[in-house]
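Read the single chain below, which is given as structure tokens and is the form predicted alone.
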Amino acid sequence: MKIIDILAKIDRRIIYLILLVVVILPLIFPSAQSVRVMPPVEKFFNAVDNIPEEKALIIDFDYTPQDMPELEPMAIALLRHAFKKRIKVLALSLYVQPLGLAQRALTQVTEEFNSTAETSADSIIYGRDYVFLGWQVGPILAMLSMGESITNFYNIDYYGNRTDTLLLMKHIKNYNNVGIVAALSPSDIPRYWVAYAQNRFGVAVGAGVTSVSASEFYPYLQTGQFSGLMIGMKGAAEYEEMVEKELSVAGRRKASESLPSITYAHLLIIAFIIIGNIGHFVKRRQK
């Protein structure tokens, strides 16, 4: 009984210290955790994988630094998938803040592929394989205008080039030349893509969202308005898993490496809850 008494009276500072160690150690010594891929992510992967050769993938980068741990791995996995399958990519941000993060993801994956490329055909070349459209005023205006003409609305790209002079943009005119829009956002932006791009122009939409907002977006998946859905760190890890196993694309998997930390933290909290309840009922029985 003394052990029960001791466990039931553990100082909360000790609990926080143990939890800190459990969270930090897997991050210091990272190891990618294998996950079971669930249908929402599998549908997303297949939707991207089946984009016709003449159509492009639009990736909407709308996450900020506080959302990076969950949403940036999704962006990296999507870009690896697209570049491996030679799917054309149009990158954009509906807000100013994510522009630097979008460029960071594009640069990272481009360098990964070009580091092993031997010819121009194997390389990922700006203007031919992808274009970073950047940002223009008005999220809804952007969604509607791209249904008519992408180059008319985004007449200058992120780097100051005229978009109508870029090789890729000579073939991608509007949503008729887009296979799917992948909206990576912690906000309501994926819903806006459905309302203003899909409902009016018929373009497919997939979403990558944070865990806390998952319940708001499941109905869109169930009705078929989303072609796929990635939710939080787990969803990002699932997409990483498919990209590595289905396409044999190696690379650091940040979401998969972060899952052990989350898993062990949850198990530890459950263990302390069980210990606390055992101590409570034993004491009550003694009284």
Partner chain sequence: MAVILLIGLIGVAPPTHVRAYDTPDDGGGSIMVEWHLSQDDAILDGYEIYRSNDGDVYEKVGFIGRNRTRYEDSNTEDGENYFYKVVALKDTLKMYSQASQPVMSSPQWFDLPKLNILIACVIFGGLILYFVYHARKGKELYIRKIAGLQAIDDAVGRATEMGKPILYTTGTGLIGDIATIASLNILGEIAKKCARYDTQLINPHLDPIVYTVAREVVKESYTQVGRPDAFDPDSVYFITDLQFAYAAAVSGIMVREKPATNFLIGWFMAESLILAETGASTGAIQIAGTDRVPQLPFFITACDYTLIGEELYAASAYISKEPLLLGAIKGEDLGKLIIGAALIAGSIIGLLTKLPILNLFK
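Source: prediction; values computed, not measured. Numbering follows the first chain given and starts at 1.
Another form exists, predicted together with its partner chain; not displayed. Remarks below refer to it.
(request) With its partner chain left out here, work out from 172 to 180, 106 to 114, 76 to 84, 121 to 129 which stretch has heavy atoms within 4.5 Å of it in the predicted bound form. (result) Careful reading of the contacts points to 172 to 180.
(message) Whether residue 212 contacts its partner chain in the predicted bound form should be assessed with a 4.5 Å heavy atom distance threshold; does it?
(response) Taking the distances in the predicted bound form, the answer for residue 212 is yes, it comes within 4.5 Å of its partner chain.
(request) Check whether residue 164 has any heavy atom within 4.5 Å of a heavy atom of its partner chain in the predicted bound form, and answer yes or no. (result) Answer no; every heavy atom of residue 164 is more than 4.5 Å from its partner chain in the predicted bound form.
(request) May I ask you to check whether residue 31 falls inside a 4.5 Å heavy atom distance of its partner chain in the predicted bound form? (result) Contact with its partner chain, no.
(request) Examine residue 66 and determine whether its closest non-hydrogen atom to its partner chain in the predicted bound form is within 4.5 angstroms. (result) Looking in the predicted bound form, residue contacts with its partner chain include residue 66, since a heavy atom lies within 4.5 Å.
(message) Going through 171 to 206, which residues have a heavy atom within 4.5 Å of its partner chain in the predicted bound form? Please give them in sequence order.
(response) If the 4.5 Å heavy-atom criterion is applied to its partner chain in the predicted bound form, 171 to 206 yields 173, 174, 176, 186, 187, 188, 192, 199, 200.
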